[in-house]
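Given next, in C-alpha cells, is a single chain: the form predicted on its own.
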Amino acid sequence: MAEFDLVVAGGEVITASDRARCDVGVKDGRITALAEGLTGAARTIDAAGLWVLPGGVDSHVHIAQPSGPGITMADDFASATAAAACGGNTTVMPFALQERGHGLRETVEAYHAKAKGNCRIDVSFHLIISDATPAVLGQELPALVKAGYTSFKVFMTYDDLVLDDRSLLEVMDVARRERALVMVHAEGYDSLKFMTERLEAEGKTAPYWHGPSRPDVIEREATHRAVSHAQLVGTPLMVVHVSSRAAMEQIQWAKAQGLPVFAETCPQYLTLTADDLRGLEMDMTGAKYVCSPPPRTTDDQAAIWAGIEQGVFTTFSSDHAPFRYDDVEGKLNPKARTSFRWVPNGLPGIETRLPIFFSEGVSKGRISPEQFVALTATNHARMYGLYPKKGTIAVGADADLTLWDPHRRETIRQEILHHGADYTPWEGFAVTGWPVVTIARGEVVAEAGRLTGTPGHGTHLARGVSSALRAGA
C-alpha cells in the first residue's frame, strides 16, 4: 500500500506566517507529511515553479437563496461550488436565510436538502436571523449554536430582513451568552427608504441611482450604531462588506478603543466605482453592478487598500450573490425597468475573488503572499471556528491546497467561468497570478480550468468557537 495517496512535490509552500520549499504528503484527505523528497505516492503532482497555498476559504457567499417573488438566484450548490473550486477555493460559507414566519431549524434543514450530494468542496452554513421571535432566541438559536452553527448574520436594511434596534440587541445578547459571532450588514433602513423615495419622486430611476440612494453616510451611521450595540451588550462583531472610508473609520475608532470589532471587504470595493452603474448612457446595463453597499469612489478604494495594508480588515470575501442579467427572473425583471429599487442586489464573484485580489495585491506589491493567504483563507478559518482543520498547511490539517502560478497572465471573461450567471462584472479585467490546481481534502477538484472532482465530494462542516471569542474578547 502506498504511503501517501498524493504528494505535491517541489512547490514553494506559503502559509499566513511563513514559507518553505518542500513536498506535501497526503493520506486519507489529510496532510500527513511536510518534507523534502517524499516518495511512495499513488499520485505525484509536480509543483515546480508554483506556489502551494492553503485552499481559499470564502466566508461570505449566497447560494440558492430566496430573493423575492419572481426572482431566482443564478447559482445552486452544484454550480456555485464548481465555480469556487475553479477559482482556487476549497471551503465556502453560504447563508441559511430564515424567511419570516419560518423557524430556524426548518430553514437549516431546507438548505441542507439543497446542498446534499451537490457540493464539490466543503461548505459550512451561517444563519440569517430575520424573525427574532422568543422561540428563535430562547430555543432554536442556542441549540443550533451548540450544534456547530456558530455565526449568524443580521440586517439593518431590506424590507424582509431588517431587525429593529431592540431585536438587534436581543440577538447580540444571545450571541454573547452562547459564544457565537454576529455578522452585520450595516446600512440604515429608514435612511435608505427616504433616499429611494426622494429619488424616485424626482424621476431618477435608472440603475445608476442605486448608488446615490445609499451614500456612504448611511453606511457610516449604521456601522457606528452596530458597533455601539455590540459594545453595550459586550460581544464581538464582524462588519461585513465594508465599502467606504467613512464606514472604515468607524471600525478604526472601535479598534482604537480596544473593542472586538472586525471587518471584511470584497473585490468590488477595490476595483469598481459608482461610474460603473451608469452603464451605457445611463441604461439598464448598469444593473450588472448593482450591489449593496454599492461601489463608491477612487478615494474610497484607496482608503480600503490602506485599511488592508494596515490590518483594519480581517477577511477578504466575495459576497457572491449571483443573478442573471438578461433574464426576467434576474436583473432585467419587469419591475427593475421601472426603478433601481427592484434590481436584485448582488454580483457574481466566487470564482474571481482570489485572482483579482492576488493580482491587485500581491502582483502589484501592495501586500505580501503571506498576507494574501491570511486574508483569503487563514483568518476566515480562525474567525469562524474552522482552524486548524482549514486555512493552513500543516500536518493534521485537511489537505486543502491551491497550486498557484504567480506569473500567469489571464483576462477574466465570462466564457471561461463556471458560475450560473450570464455575465461577470470584471469582463476584460487583466490579472497576473492564477490558480492552476485545486485540491480539496486530497482530491483534485479542478485543474487547468476544468472540473475534475465529483459533485458529492464536499461535506458540511460543523464549527467551533470563533477566535474572536477564544481570545477572551
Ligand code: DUC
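Note that residue numbering follows the sequence shown and begins at 1. This one's a predicted model, so the numbers in the text were calculated from it and none came from an experiment.
Form predicted together with the ligand: not shown, discussed below.
At least one heavy atom of residue 345 is located within 4.5 Å of the ligand in the predicted bound form. Looking at residue 321, you'd find a heavy atom of it within 4.5 angstroms of the ligand in the predicted bound form. Though the partner is left out of this view, residue 62 does reach within 4.5 Å of the ligand in the predicted bound form, counting heavy atoms only.
For the chain shown alone, residue 292 is a contact residue for the ligand in the predicted bound form, at least one non-hydrogen atom being within 4.5 angstroms. Only one of 423-431, 54-62, 35-43, 406-414 lies within 4.5 Å of the ligand in the predicted bound form by heavy atoms, and it is 54-62. Three-residue candidate spot 126, 149 and 179; no residue lies within 4.5 angstroms of the ligand in the predicted bound form by any non-hydrogen atom.
Residue in contact with the ligand in the predicted bound form (any heavy atom within 4.5 Å), chosen from 353, 229, 245, 185: 185.
With the partner omitted here, the residue from 288, 153, 220, 382 that has a non-hydrogen atom within 4.5 angstroms of the ligand in the predicted bound form is 153.
Residue 241 is the only one in 228-243 with at least one heavy atom within 4.5 Å of the ligand in the predicted bound form.
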